[in-house]
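Only one chain is included here, represented as structure tokens and corresponding to the form predicted on its own.
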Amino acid sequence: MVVIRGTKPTRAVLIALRRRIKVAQTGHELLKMKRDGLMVEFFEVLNKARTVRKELVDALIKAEQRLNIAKATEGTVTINSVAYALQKEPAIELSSRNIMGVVVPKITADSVQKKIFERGYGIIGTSSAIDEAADAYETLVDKVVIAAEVETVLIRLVKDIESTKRRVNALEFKVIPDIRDTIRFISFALEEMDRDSIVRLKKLKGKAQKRARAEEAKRAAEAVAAGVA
């Protein structure tokens, strides 16, 4: 039996501990529900992460293939010139959302997918190989942004799941059992004190009754003595 250190065996402490264990049990149930909910969310995001990662790898391979074709067709100098012609760079916006009490990032990108005339290079002086390479790399950037959000959400969920598990285990295997043991200890101590009090009261009552009988016998003797006289 583990008794919480410094606990005094009084009725006030016993009442306080009974209230405390109810709060702990309620918190334990809520944390278990949160843990289970986070696990569901985690596996959903994990499946999405696997899909996104595969799409990202496929997009990277395709982009590199399209770039190599464009280099072979137009040459490295033309490719570099086209790359520097970009007028508007993609903008990344960060916000947040809440999953079962866990704040996770939401990442969005603006001006990634562009129309041909928005890319800044001349349409007439270039071939379709450059357009296809640009399309492929724009798709790749989109996949990178999506993967960044999904991977970050996954990491946040893992951290919070581990933290919630530790709190659940602490309540289940340490806090609540210690409170229960302390309640049993105090209840036993109070019962012992009650029994001791009853024994003392019986002794005091017995002594009082003896004194009363002695006083009664004395008065009776005195009355007999007075009658004889």
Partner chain sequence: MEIAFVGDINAVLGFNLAGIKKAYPTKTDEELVSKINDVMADSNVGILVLKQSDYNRLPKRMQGQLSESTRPTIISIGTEQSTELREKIKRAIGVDLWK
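The structure displayed is predicted, hence computed values, not measured ones. Numbering follows the first chain given and starts at 1. Each form is matched to the other, and the largest set of C-alpha atoms that superpose within 1.5 Å is called the rigid core.
What comes next is about the form predicted in complex with its partner chain, which is not displayed.
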Original post:
Pick from 57 to 65, 172 to 180, 192 to 200, 24 to 32: which stretch has a heavy atom within 4.5 Å of its partner chain in the predicted complex?
Top reply: 57 to 65
Original post:
D36 near its partner chain in the predicted complex, any heavy atom under 4.5 Å?
Top reply: no
Subject >> Proximity of F42 to its partner chain in the predicted complex, heavy atoms at 4.5 Å >> reply: yes
Original post:
Is there any non-hydrogen atom of R184 lying within 4.5 Å of its partner chain in the predicted complex?
Top reply: no
**OP:** Tell me, yes or no, whether R97 is in contact with its partner chain in the predicted complex, where a contact means a heavy atom of each within 4.5 Å.
**Re:** no
Original post:
Using a 4.5 Å cut-off on heavy atoms, what residues in 155 to 171 are near its partner chain in the predicted complex?
Top reply: I155, R156, V158, K159, I161, E162, K165
**OP:** Return yes or no for D135: a CA shift of at least 2 Å between this form and the one not shown, with the rigid core superposed?
**Re:** yes
Original post:
Would you say I61 moves its Cα by 2 Å or more between this form and the one not shown, aligning on the core?
Top reply: yes
Original post:
Once you line up the core, how about I79: does its CA shift reach 2 Å between this form and the one not shown?
Top reply: yes
